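Presented below, as structure tokens, is a lone chain in the form predicted on its own.
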Amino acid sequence: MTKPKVLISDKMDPNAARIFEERGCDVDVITGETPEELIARIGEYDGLAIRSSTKVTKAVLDAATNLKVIGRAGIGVDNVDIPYASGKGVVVMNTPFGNSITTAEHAIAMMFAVARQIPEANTRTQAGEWPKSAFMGVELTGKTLGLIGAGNIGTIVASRALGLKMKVVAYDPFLTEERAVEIGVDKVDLETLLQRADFITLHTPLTDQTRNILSRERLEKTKPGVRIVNCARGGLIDESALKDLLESGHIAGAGLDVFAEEPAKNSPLFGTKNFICTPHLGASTTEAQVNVALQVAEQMADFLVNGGVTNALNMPSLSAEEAPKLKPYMKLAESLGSLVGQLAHGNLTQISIEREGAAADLNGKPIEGAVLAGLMKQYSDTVNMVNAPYLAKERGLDVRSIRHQREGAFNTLLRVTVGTSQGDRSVAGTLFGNDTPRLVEIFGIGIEAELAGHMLYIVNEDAPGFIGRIGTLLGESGINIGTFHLGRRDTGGEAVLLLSVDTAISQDVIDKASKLEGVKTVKALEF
């Protein structure tokens, strides 16, 4: 039997090559090649192990006629065209937890540096000034640290901060009261965190929900004298507003390891008083680079030799026999999870996934993973059907999977219900013709719709003329309607409108729709 062949195209710990060989793979280590050289070479390999330098583009994937798996030693996969890889049947893996400690420690180091103005003090001292009276720092002991994001890295930062005798408050939509108690933090909403925190550190991915989470408006609501550290992702903070508030003195200091645009060579923040930065060094320690290299080698070898799937970003854990039957259910499950995640308000505390009719006899784990992946993609850019259950558990989300043998109105049905601080929210869907997913109920209102592309969700009072008004608004805004779906509780009561459109819906259109007579809720959805 021919051994799988792996190419390591970026510099990584030499023990990675040893692991590949020990586990039954042939491996070549060829780094520093141009894109053209990689394209000419890649066709003979089953696996490609990379860090951040290699760009896996469409051209590379087209040339990779034998490629089965790409392994990224680290978290970020911006250098891999994942949708195109998926279309080519190539599994993309990463190692999301290999550098957690290193990144958390960098955040703590930046807190100390900001608190004591260490970089500037070092520069002036080495310049021969001895400016002892020019610097007056603050202690971390007794101060309140506000965590935005309490996942794996945020939890480690909390542990270190508690060891420094800091008080820790945390904002995370998935953090339950029980989990907060377990990790020793006070769970708060974002507004409370901004008002209470002496230091703020961010530990979230960059998604549509987290982009500019520290906007100008929110930065202005922070406690005067706050110090802010971001070692997570660029784009979480309004950098222009941060500069203005540093200059005004409202923000006493800030430390960034990441920027909205990288490499950051002309940031407006450069030269701002009480601002320090590093060039995206969060994962740059010897230990972290060894960890991620070894982990990616183990994961890829297990997949190539045994078919095991770990930390895949585009593939669920499925057997070959189950895959064809489960594929439409998983598409339905992910869509329902995404829908309820986009519409539910308040902190999520639990989720139940109910299978009824024919769905009750299927393997529930992949369906559960698909629902959680859809739900949590609103908050994480690394979640997938394999690691979503782990991430949900880490955040203390109570996940329940329920089978009903009863017969209902549909031959097969999936129902997803999330418990929030504002009550339960439930959506349900079925398969038409055993392979076409359809939404059939939303928050207790019957409605039939396909969940795909750009969609607009509206809750309004059931009254004559509304459909005409919303149609006119969209037409005047140059938005073409693809499909139109209606549902209502009672005549003249609450109604739901769900329509698909050909282009993304701007905030301006949402604002205008919100002002139409009888409208209660307007939300743009993406699938």
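Predicted model only: the values in this text are computed from it and were never measured. Whichever C-alpha set is largest while still superposing within 1.5 Å between the two forms counts as the rigid core. Residue indices: 1-based, along the sequence shown.
Keep in mind that the form predicted together with a small molecule is not shown, yet the notes after this line are about it.
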Quiz item: Pick from 65-73, 461-469, 495-503, 33-41: which stretch has a heavy atom within 4.5 Å of the small molecule in the predicted bound form?
Solution: 65-73
Exercise. Note which of S52, S477, T57, T483 lies within 4.5 Å of the small molecule in the predicted bound form, where distance is taken over heavy atoms; exactly one does.
Key: S52
Practice problem: May I ask you to choose, among T201, N99, S335, Q295, the residue with a heavy atom within 4.5 Å of the small molecule in the predicted bound form? | Solution: N99
Exercise. Kindly confirm or deny that R233, H280 and A283 each have some heavy atom within 4.5 angstroms of the small molecule in the predicted bound form.
Key: yes
Quiz item: Does superposing the core leave A333 with a CA shift of 2 Å or more between this form and the one not shown?
Solution: no
Quiz item: Core aligned, does the CA of G74 move at least 2 Å between this form and the one not shown?
Solution: yes
Self-check item: Threshold 2 Å Cα movement between this form and the one not shown for M12, core superposed
Solution: yes
